[in-house]
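So this first bit is one chain, no partners, the form predicted alone, shown in structure tokens.
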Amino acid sequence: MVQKVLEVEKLKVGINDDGRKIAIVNGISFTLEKGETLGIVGESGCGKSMTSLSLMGLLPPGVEWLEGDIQTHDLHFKKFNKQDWRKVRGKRIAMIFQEPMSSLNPVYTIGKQIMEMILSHEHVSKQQARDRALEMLKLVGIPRPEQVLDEYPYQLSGGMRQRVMIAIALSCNPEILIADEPTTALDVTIQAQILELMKKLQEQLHMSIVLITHDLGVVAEMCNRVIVMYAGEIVEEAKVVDLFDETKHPYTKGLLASLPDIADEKEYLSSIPGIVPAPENMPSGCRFAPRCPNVHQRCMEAPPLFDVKGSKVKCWLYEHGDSEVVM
């Protein structure tokens, strides 16, 4: 039986501009199953990171929770105050941030930063927390962990700092791990090591992962299911195999077409014309319409998410189900 560990229901977050509510994430809904890796992909500015920050209760100043709810088991995040978030953040749900150098405190040792997470959620002594911190460094494959425990972030490489971030996130055995572009600042070899480490730890700890990325290669390697976001909305949701083999939404097709292919020696890569619209200047109707090669008069009206062969797609081409309508 499938066990849902996270449910997001019509989540809308944005800014209040003199009484006008401008959505940055606009009414998205999805679920996360136990042991699953769910990928969220899209261009910069599509709302991926804002979605992940919403899951952690870490919305930046000026950004508000406008509508919807997030639920894990019996907890409804919408009702949370600051104290409630502090109890859940790190214990039930944890996050690996994009840039480890700016996420780690430069004036605290690695050991102190891991211990801080453990002491805030577990009733243990400082020595027990230190022992647990040492275990976590060993778990994520950091060499000479006894010495690293008393070192500072600047003394470690980018890959080692990212492993420390993973150790901090996993130190209290969270049920859900959010990884926001965990390999962006790393070279290709270290990226592969970090992704392999995450897969290994997921199997060992039986946790669920929400992976935020713009790299479709990482999605193919890591994910069971994928959500494609554009301009704050979900435009396609599918199993990872279906997303690559039976791509549906014109935006997803554009993303895949922009990938280099070793078997196809093109002089120029394909690209999607235009840019993602700003939240305050969203087009009426379909948000992708100004950039879409299949745009039609029908697109002046916003489409719902249609169910198509087990996938979901926000496009009028699939209004009548399985067959794509030619416009």
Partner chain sequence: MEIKESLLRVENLKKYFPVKGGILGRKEIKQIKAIDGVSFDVQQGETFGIVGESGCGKSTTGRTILRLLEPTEGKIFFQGKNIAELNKSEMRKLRKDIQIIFQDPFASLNPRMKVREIIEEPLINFEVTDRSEREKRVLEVADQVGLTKAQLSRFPHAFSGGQRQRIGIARALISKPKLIIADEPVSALDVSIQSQVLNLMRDLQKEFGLTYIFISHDLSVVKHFCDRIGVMYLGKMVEIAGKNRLYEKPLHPYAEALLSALPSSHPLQKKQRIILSGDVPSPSNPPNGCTFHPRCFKCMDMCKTVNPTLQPVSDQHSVSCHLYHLGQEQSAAGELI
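Source: prediction; values computed, not measured. Positions refer to the first chain, counted from 1.
The protein also exists as the form predicted in complex with its partner chain; that form is not presented, and the subsequent description refers to it.
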Original post:
Closest heavy atom of Gly217 to its partner chain in the predicted bound form, within 4.5 Å or not?
Top reply: yes
Original post:
So, in the predicted bound form, is Glu43 in contact with its partner chain at a 4.5 angstroms heavy atom limit?
Top reply: yes
Subject >> Residue contact check: Gln191 to its partner chain in the predicted bound form, 4.5 Å heavy atom >> reply: yes
**OP:** Could you confirm whether Asn281 comes within 4.5 Å of its partner chain in the predicted bound form, counting heavy atoms only?
**Re:** no
Original post:
Among 111-119, 253-261, 70-78, 83-91, which stretch has residues with heavy atoms no more than 4.5 Å from its partner chain in the predicted bound form?
Top reply: 253-261
Original post:
Every residue in Val107, Glu135 and Cys172 with a non-hydrogen atom within 4.5 Å of its partner chain in the predicted bound form?
Top reply: no
Original post:
Though its partner chain is not shown, can you say which of Ile227, Met160, Met207, Leu139 has a heavy atom within 4.5 Å of it in the predicted bound form?
Top reply: Met160
Original post:
Are there residues in 246-279 with a heavy atom within 4.5 Å of its partner chain in the predicted bound form, and which are they, in order?
Top reply: Leu255, Ser258, Leu259, Pro260, Asp261, Ile262, Glu265, Lys266, Glu267, Tyr268, Leu269, Ser270, Ser271, Ile272, Pro273, Gly274, Ile275
